[in-house]
Each structure stands twice: as C-alpha cells, then as structure tokens.
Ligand SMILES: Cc1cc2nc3c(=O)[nH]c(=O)nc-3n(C[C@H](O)[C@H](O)[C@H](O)COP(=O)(O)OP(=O)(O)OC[C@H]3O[C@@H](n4cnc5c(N)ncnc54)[C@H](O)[C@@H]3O)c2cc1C
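Below you'll find only one chain, the form predicted on its own, shown as structure tokens.
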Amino acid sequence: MTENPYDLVVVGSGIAGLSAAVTAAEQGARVLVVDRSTEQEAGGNTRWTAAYFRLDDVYEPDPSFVDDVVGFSDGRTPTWYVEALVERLPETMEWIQGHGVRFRRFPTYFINSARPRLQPIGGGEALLAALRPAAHDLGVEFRYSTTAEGLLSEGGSVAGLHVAGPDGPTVIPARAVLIASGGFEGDIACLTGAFGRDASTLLPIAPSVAGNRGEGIRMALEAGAARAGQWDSFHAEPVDPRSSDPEALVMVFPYGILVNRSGSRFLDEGRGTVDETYEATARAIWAQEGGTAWFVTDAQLDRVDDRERGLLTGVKPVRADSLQELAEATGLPATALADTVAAFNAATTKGEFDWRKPDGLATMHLDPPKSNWALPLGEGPFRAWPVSCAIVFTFGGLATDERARVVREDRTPIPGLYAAGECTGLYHGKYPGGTSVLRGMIFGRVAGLDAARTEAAFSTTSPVTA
C-alpha cells in the first residue's frame, strides 16, 4: 500500500462526516473528507434542515426519550443504540458548543403540539458553519466534486477508498474509512426496488436529496456489511409541489379536508396532532393517483392563530368564492367535490373548536371519519393547497455497533470501516422527530474518536443495530 496513508477518510461532509473529521483531527489524526458536491453545495441534508433536537435542555433529553424512540418503531429500534446516544449526549453537546454553536428552545411547525424543541441557532447550516472552519484549522483536507466508488481492502481490512474526481479515478490509502454519505433517497430506481412501487412521484425535500445515491451503503454491503433498519420505508413529509423552497411543508391539514384527484376524501385528517400524523398522511397521499392531494379549507383556517407557522411554502393558496370556482381553479371534478363536501358537512356535529389540541369535534357515520377539528366547510373564501409526499431520507442502511464500526451478518466488525448518520439503518415504522441530526453528530463523533484510537472507553464486544 502507498506510504503515509490517511488515518481516516470520511465520505460525506454533513453533520456526521464533519463531526467525525473534526473529532479525529483533534486527536492528531490525519483526515481527508471527500464529497461528491461542490464546495458551495456540500453539506448534505444537514445544510437544509432546521435541525430540531428531541431534547428538553442542552444536556437533557426527556426522561422518556429512550422509550419514546424505541416505541415509535414498535420495539424494532434497538434499545442499546438509543441508550448509547443518551450516554454520549452531554459530552457531545459540550463539544459542539465549544465550537461556537448556541441553542434555543423554539416552537416547531407542528402547530398543535405544545412542546418546543431545542434548535441550534441558525439550524443545520450553523452546525456546518462551525465545524468546517474548525476542520480547516486542524489540517483536515477536503476533496469536493469527488465520488466514492468502492472500498480498498487488504487482508480482510479496509485499507482505503476508490474515488472518481476531477482528475479521474484515484485510490486513496487510509487506515480507516467512515461512510457518512446519507441514504439512497436520490436513486429513484433503487427506491422503486426497495419499496416495491414506483417512487418517481416522490418529491425531494431539498436539493441535497439528489446527491444521496447510496454508493456508500452499497460499497459497504459489497464488503460484507449487514443491513439494518426498514429498507422498504422512509421519512416522509407533506409538501406543496408548486414550491421550489426546501421543506415547503403543509402542516395544517387537520383544519379542513384532504381530497384526491377524484375529489374524494381518503383518510381521517384529524386523527391526532400534526406531529403524530404528518408522516402517515404524506404516505397516504403518495398512495393516491399521481401522488398528489388537495387540502381544502375555508374561513375556518383563520381561527387557527399559528397557521402561518405550519405553512412553509412560499406559494399562495388557490382561492375561490365558491366550491364550483375552486374546482375549476384546481382541476378537481366539481360534482364530486361538491358531493364530498356536502357529505362531510352533514356528518359534522356541534361542539367547541380548539385548534391547539384534539378537541373531540368529530363526524358521525362518515367513512372515512374525521376525529377532531371537524368544522363544516361553507364560509368563504375557500382555499386549497396541493400536497405531495416528499422523501427526506431512507430508513434502511448499514448495521453498526456502539463504536460506530460497520458489522457483518455474524456481528463481527469489518476492520477499518465505520458508518454514521443516515447511511446507518435505525428507524422502523415512523420517524421519531428531532433525532436524525442528533444521532449523526453523536455517532460521527464516536467514529472519529475510535478511528483516531483515543483512550475513550469502549467495550470490545458491543451489541449491534438490527
């Protein structure tokens, strides 16, 4: 092998990759980061996210954090992983604050969820803006417009990386490689194969999605890595397909009705608060013809004081004085829409409307029902937003252990290979909000420490993701 290999080559420069690179360099390691994006576009999904953390305070998760995260998956997410995350949390938060990041408690776009969440001031971009200069100051090297294509192995251990960059194919020798290049949400063919249905109608939540094509995951699988997480699912969000804004969320769907292209309702819009139901709602919309629905409401939306916080699209709604005019403007079948609204209105009941919490204002003898916030539609102006399902990241990925080492099917680590962030499989069922950036930062740091062979105390027989 070429002399003077890097101690660590990191694939990807989002929060997981930069956390690992800076941490390893702080321990004296020689580190290289490769990223397929240009320097101006680098940062993966971290660059675009608000980066909410599921924490009560800078150093403190809610006492039910472990149970909640595991419970979201109906017990399929391994408890040891979440417990390890909590154990490493205080030290990691101290470290990121040492690099100048500051946090605040801030309300989310889930307008009928009363709990604010912790957020770095400036969102995900603030995390990158703190760690990038720190990496440069520590001597970390960067190669942009460079795509990782395969792992170099020697004697059963990872010994470097095959890449393709501006100067053509290159082999980069390294004592360790960290894969932190996100999921495979940018590869439509791979998504379609994994999900068993056409994924072409899924919208990218942000421009970064196109760059996450799964090469890092595939090269690790070719090296013998085990899979983890739910490969046929993904983190979904309801967005306005007209908008070019990243994360153009439409999170006010409980305060009206959702209809498909046929003008029919297809789910209970008020079955729970937005934070509980938005992901399942987005997936239900994806199952409709064309992968699109319309959120239809009227003047009742004005009774929702914080409605603008749940509408992150910069495109104004379609407005009309009558349902007939709304149908013409949206392309919905006028008779079907009128029949749907009439049936819905006839099924509504008397009660007190409270947008802040489930109010029990439900329909009677209607299929599908509406369990809360069921006000009749009829007071103009009518408003409508198109809503589509956006993919944020995939749930399936690589299996790792407590040291962020990639493991084989027999649960033994592949020497010299690490993974952190969204390329590692963890989630099942639905996404426990506020955990993705957090786990990328924590386990990226774990990988950087271990790859640099610090004195951090780790067990040599760690459990692994499943």
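These figures come from a predicted structure and were not determined experimentally. We number the residues from 1 along the sequence you see.
Below: the form predicted in complex with the ligand, not depicted.
Among 58-66, 408-416, 35-43, 395-403, the region lying within 4.5 Å of the ligand in the predicted bound form by heavy atom distance: Result for this chain: 35-43.
Does Gly17 reach the ligand in the predicted bound form, with heavy atoms at most 4.5 Å apart? Taking the distances in the predicted bound form, the answer for Gly17 is yes, it comes within 4.5 Å of the ligand.
Please check if Val177 has a heavy atom lying within 4.5 Å of any heavy atom of the ligand in the predicted bound form. Looking in the predicted bound form, residue contacts with the ligand do not include Val177, since no heavy atom lies within 4.5 Å.
Please determine whether Ile205 contacts the ligand in the predicted bound form, using a 4.5 Å cut-off between heavy atoms. Taking the distances in the predicted bound form, the answer for Ile205 is yes, it comes within 4.5 Å of the ligand.
Contact of Ser243 with the ligand in the predicted bound form (heavy atom, 4.5 Å): Contact with the ligand, no.
Tell me, out of Glu247, Glu141, Glu91, Asp339, which residue has a non-hydrogen atom within 4.5 angstroms of the ligand in the predicted bound form. Looking at the other structure, the residue within range turns out to be Glu247.
Work out which of Asp298, Asp187, Asp268, Glu215 lies within 4.5 Å of the ligand in the predicted bound form, going by heavy atoms. Among Asp298, Asp187, Asp268, Glu215, a heavy atom within 4.5 Å of the ligand in the predicted bound form occurs only for Glu215.
Residues of stretch 131-153 in contact with the ligand in the predicted bound form (4.5 Å, non-hydrogen atom): Thr146, Thr147, Ala148 sit within 4.5 Å of the partner.
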